[in-house]
Structures are given as structure tokens and as C-alpha cells.
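Just one chain follows, in the form predicted alone, and it is written as C-alpha cells.
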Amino acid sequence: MKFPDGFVWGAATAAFQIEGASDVDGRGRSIWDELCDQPGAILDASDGSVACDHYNRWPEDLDIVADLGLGAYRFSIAWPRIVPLGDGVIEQRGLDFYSRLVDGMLERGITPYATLYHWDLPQALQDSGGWTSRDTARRFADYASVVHQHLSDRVTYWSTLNEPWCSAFLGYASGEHAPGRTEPAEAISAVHHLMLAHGLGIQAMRANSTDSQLGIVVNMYDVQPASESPADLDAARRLDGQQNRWYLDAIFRGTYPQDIVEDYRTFTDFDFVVDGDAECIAEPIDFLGINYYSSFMTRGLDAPKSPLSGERPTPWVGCDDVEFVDRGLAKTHMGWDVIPDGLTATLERVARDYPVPSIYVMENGAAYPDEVTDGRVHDVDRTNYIEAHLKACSLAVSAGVPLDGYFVWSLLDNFEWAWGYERRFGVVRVDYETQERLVKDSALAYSAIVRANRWSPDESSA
């Protein structure tokens, strides 16, 4: 199954997960620095102060991207490196770092894909309310404008936010992610201000230049009911609405899904929404980025579950009576079901239901407990995962989905948020003691597909 000519092949990373150098060149403190200091917040009690030392080793990492034959690299820009306090003084040394990084990509024939926000909010803004504050959305637009002005002569592709669902609901409802809050009403306020920040960021960048390609990246799941019973259908409706429709309806239809708005009224009166917000959020975009890892099958319960001792609240607000069905499928090290068909279904659904001009799979990959054997990492499970999902992409393309690129997550093993360094997603292994990079078998298999620009069942190990 051949991919279209010009199909974009890349790998993705995020600043806090790989850069390290957390107190270098004027970088401010982020909400993730703060969370890492809280006992018990990170599984292995680690932090991102060193991570993969990408801040110093970026030339080596870009060489790996080029050697694998990848034509694109998706990276995120750390807001605290550019505006250490979130507002006010601009740190030129931060801008200079990303300028060097972009120049390094271009010198190697790699197209840069920049993400402005991958969860590392300046702590100073969190101290003033974080994403529950409307002012944070305005400060994001200011920051977006500064970075775009500095790099848009060399960077064409810009994403405003990465996975606003995670920022809002893992950060403010379940407390698993920074800033570690567990207030459902705050989560709903946060998600609105994140979406408003997206719209304001698009406006700010368009005011600078009309040549850029602008979009947003959302994490999506194919949600299926366990049966046709009213309870199961309603559980799937709620999960799909919170995880998928909330974002796509706002972006492409100019309104939040009314059924989810009504569900949320139990927790909030939406007094933080003002006239003009919907139009701002629905600013036209040039592409939609989709992150896909797994899918859900849901069952509605007769009564809310009794949480286990020490269990976090659900990030799906108001869904305490929803159960996720274990289908007995193969799972990644994260415990996520491996369902490549869900990616095809997701891509086809988006293309069918929304006027999306262009789609990129901006993240897709899997964590597995790798071992080094004879100087190699024979990560068969990850190789199979990637190949199966590339088959899913090829099927979507054949069905007419305007899919223009695929980025594997992740280029490097890295700081996996609340899991610390206990989960490895990279196609390149990082020895955290020595910082040695080791290209895994999955990277070589991915490279072969990239160079051929096709997925072949005869050659695939999936």
C-alpha cells in the first residue's frame, strides 16, 4: 500500500521530556518542575532537570533523524525558556536555542514542525490561576506571537496546543499531571481557556504572516459501547463527547456539543464563557493533528464505582458510573489496548464529519520494557505496533482521508510525565546514566517503510 507522493514522515518529541537544562540560560520554572518536587507525584521520584540532555545533544539527535531518512521533526518550544515568568521580559537565549535547532534541521534537510504548548506552563502563570484564568489565554497569544515572529521565516508548520484534554482534565480533574489539581469545575474552565488560547494564538500568528500553516493537535480515541443497552450507549456518548467532539465541534462548527455542555452544568454555570469566544476558537486552521494510541469500549454502570483506596478521581468529569471493558487484547507497557483498526476508524470519522483540510498523525507509538541484547534492542512488539498502525493509515488514505503525514512517538526514550523514566516510548534508546543513544530495531523497520513510502504486508513483521 503506497503512500501518496510527498507524504510527510517524521518523529516527535516534547521539550520538557527531553531537553533537560532546566536552570540554564534564563529558563523559568514550569508547572512540571513544581509537580516533580511533590513527593509521590512521579512514579520513580525523578524529574526533567537532565532528561535526555537534548539541550546540549541536539546535533546528535538531528543526525539520527536524518540518518533514518525522516523528512520532518516535530518538536515543542518551552514557554518558560522564552518568557520565564509567562509575561513580560523575553529571554533571548531561549529564542537563540530554538533558532539553532531549526537551522540544524534545515541544514540536514529536515522540515521543522513546531508545537507552541506541550504542557510546560510557566509556574508564575499557574500562581495566578493557570488555565482557569482567562489572562493565561491572552499571555499565550503574546508568547505565540513572539516565537512566530522569530522563527516563521524558517518554520512553516505550527501547532498551537498539544492535547488540550490532557492539560485540562489530567491536570485539573484527576491531578495526575501538572498542576496536580482535582477540581472538576476547574478542569472545565481550564479546557475552555485552553481552546480560547488556541484561537487567540491562531489570530496572533496570522497577524504576523499569512504564509504559515497553522493547526492544533488533539488526542482522539475510537469509543465503542459494550452493547446496545441505553446505559452503554450513553457511556460511549459521554466519553466520545468529552474526548473527541468537544474539540472538533468547537474548532470546525463553532460550538461545543450541547449534550456535553448539559452534562457539565452539574459542575459549572459556564460564567467564564463570554460573547465572541466561540468565533475565536473556530478560527480557520490549515491542518488538524491527531494523536492516537488506543481505543475504548465502555459500559454504563447502575451506580458510580467506589474508588479504590488512593485511586485518583476520574479525568472524565461526571463519568464515575462508566467502566472500561477489558477486551482481552494485547496491551502495551502502559496497559493500553493495541487496536490499529481504531486509528482507521478515527481518521475516517474525522474526514467524514468535519471539514478538515489536512490531517497529520502527529503522535503514534507504544511503550514496551526494552532490553539491550548483544548491543541491540530487538523491540519486536513496538515494530509490530508501528507497522500495524501504518497499515491502518494506508487504509484510511485509500478510503479518501486527507492524511498528509505521520510522526512516530517518540524519537527518544524520555521523561514520561507521571511515570518518570519507567516507560520507554522511543524508537531510539537512551541510557539515562551515560546519555548514549542506541537506534532500536523498530527505528530501522520504520526507516525502511519511510524510504519505500509504502507499507508492504509481504515485508511487514506485523
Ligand code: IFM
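Residue indices: 1-based, along the sequence shown. The model shown is predicted, which means the values in this text are computed figures rather than measured ones.
What comes next is about the form predicted in complex with the named molecule, which does not appear here.
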**Report entry** Which of 112-120, 183-191, 240-248, 136-144 lines the interface with the named molecule in the model of the complex (heavy atom within 4.5 Å)
**Finding:** 112-120
Query raised in the report: Taking the shortest heavy atom distance, is Tyr157 within 4.5 Å of the named molecule in the model of the complex?
Result: no
Report task. With heavy atoms only and a cut-off of 4.5 Å, decide whether Tyr406 touches the named molecule in the model of the complex. Result -> no
Query raised in the report: With the partner left out of view, is Phe97 within 4.5 angstroms of the named molecule in the model of the complex by any non-hydrogen atom?
Result: no
Report task. Would you check, heavy atoms only and a 4.5 Å threshold, whether Phe252 touches the named molecule in the model of the complex? Result -> no
Report summary line: Assert contact residue (the named molecule, in the model of the complex, non-hydrogen atom within 4.5 Å, options Gln126, Asn162, Thr298, Thr344) equals Asn162
Requested in this report: Could you list the residues in 416-442 that come within 4.5 Å of the named molecule in the model of the complex, counting only heavy atoms and keeping sequence order?
Outcome: Glu416, Trp417, Phe425
